[in-house]
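Presented as structure tokens, the chain that follows is alone, the form predicted on its own.
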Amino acid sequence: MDITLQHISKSYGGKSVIRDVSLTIRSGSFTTLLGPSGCGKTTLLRMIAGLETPDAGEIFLGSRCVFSGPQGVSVPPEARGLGFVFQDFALWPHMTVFENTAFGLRASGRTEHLAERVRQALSIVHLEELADRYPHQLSGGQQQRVAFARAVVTEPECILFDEPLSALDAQLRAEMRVELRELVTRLGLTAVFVTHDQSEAISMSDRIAVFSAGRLEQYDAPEAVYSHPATSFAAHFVGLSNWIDSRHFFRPEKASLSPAPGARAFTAGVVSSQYLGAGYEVHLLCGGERWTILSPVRADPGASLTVSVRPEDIITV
């Protein structure tokens, strides 16, 4: 199911939070809405879900219009057929895993074969043996899986995620990135995922929509957003950028400490080095700009290094 947004705008108290946003999320894709806190990404997600109402524009789920300012259409959330996974999981503490998962089915009156459908959803997330436990008896990762099972048990074509990994510790967060993406792909769902974490966006997404102050800065594949940012904001926000001047930069992995034919050479002072296991992340100062490069050996603070970058690896914005 494609999701199409046409000229969506939203303001609160006279302050614009979404500014004339248009994009199409393709059926079966995993799309991330990425940007800093307050950029409007969660508001946009909630408008797709029907939990917020746009001031202007139109929203289509497939060929069905679920919101249109000009036509006076506003389909309520429960009639849109979407799954939603909230940031805090939103599990009922007095309900078991089974009943939390079954909640959407009961609320919509879809109780035929309920037990079988709930068991199937819990099987998908490998929690069928924990069906009788309560949320406080589960780990953070298990609670996340229950929230996902509750969202998919109603068999939606699309599932919306509002920063669902932000409450998890770093290691579990990395594991759940892989697990959530695999589950979405295996079930053939269209997914819209909100995060401010660029690593999540790059590693999980088919396409990334980069937002700043309510505006859509770029909508593209992760590789394109990283290697060919469309705006200065996208270049600064996604990945580490080593700026040569206001319009030219290179990524840390494109730098070399060995001379190369045709490469541009820059002299930089070492500020610090951090060991990352596979090598060192070296922080430099060059012409007043802070740079980061990757090195197989430690560089001592105060040392001077010659950094080589091939012209084709310098990005212009």
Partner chain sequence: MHLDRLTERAPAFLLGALLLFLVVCPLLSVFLKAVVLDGRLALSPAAAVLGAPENLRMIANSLLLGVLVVLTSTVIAAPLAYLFSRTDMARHRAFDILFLVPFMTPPYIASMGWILFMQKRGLLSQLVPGLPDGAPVFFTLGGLVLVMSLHVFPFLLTILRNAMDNIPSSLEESAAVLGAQFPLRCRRVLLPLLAGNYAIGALLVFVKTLSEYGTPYTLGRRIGFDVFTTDIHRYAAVAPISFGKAAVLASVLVTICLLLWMVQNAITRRKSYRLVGGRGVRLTLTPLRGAARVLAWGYVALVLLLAIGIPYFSVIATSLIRLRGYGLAAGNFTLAHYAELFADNENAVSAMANSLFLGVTAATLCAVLGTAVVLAVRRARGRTGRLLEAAGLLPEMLPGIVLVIGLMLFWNGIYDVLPLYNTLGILVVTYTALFLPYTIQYVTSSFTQISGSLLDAGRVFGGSRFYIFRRITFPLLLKGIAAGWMMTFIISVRELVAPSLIAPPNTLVVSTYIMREFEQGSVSLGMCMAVLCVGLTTAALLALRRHMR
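Just so we're clear, the structure is a prediction, and the values are computed from it rather than from any experiment. Residue numbers count along the first chain shown, from 1.
Omitted from view is the form predicted in complex with its partner chain, to which the following refers.
Although the partner is absent from the chain shown here, 78, 82 and 150 each have a heavy atom within 4.5 Å of its partner chain in the predicted bound form. In short, of 230-238, 214-222, 88-96, 121-129 it is 88-96 that has heavy atoms within 4.5 Å of its partner chain in the predicted bound form. Its partner chain in the predicted bound form comes within 4.5 Å of no heavy atom belonging to residue 111.
Although the partner is absent here, residue 46 sits close enough that one of its heavy atoms falls within 4.5 Å of its partner chain in the predicted bound form. Using a 4.5 angstroms threshold between heavy atoms, residue 136 counts as touching its partner chain in the predicted bound form. By the criterion of a heavy atom within 4.5 Å, residue 51 is counted among the residues contacting its partner chain in the predicted bound form. Shown without its partner, this chain lists 166, 74, 185, 199 as candidates; in the predicted bound form, only 166 has a non-hydrogen atom within 4.5 angstroms of its partner chain. Counting a residue when any of its non-hydrogen atoms is within 4.5 Å of its partner chain in the predicted bound form, there are no hits in 260-283.
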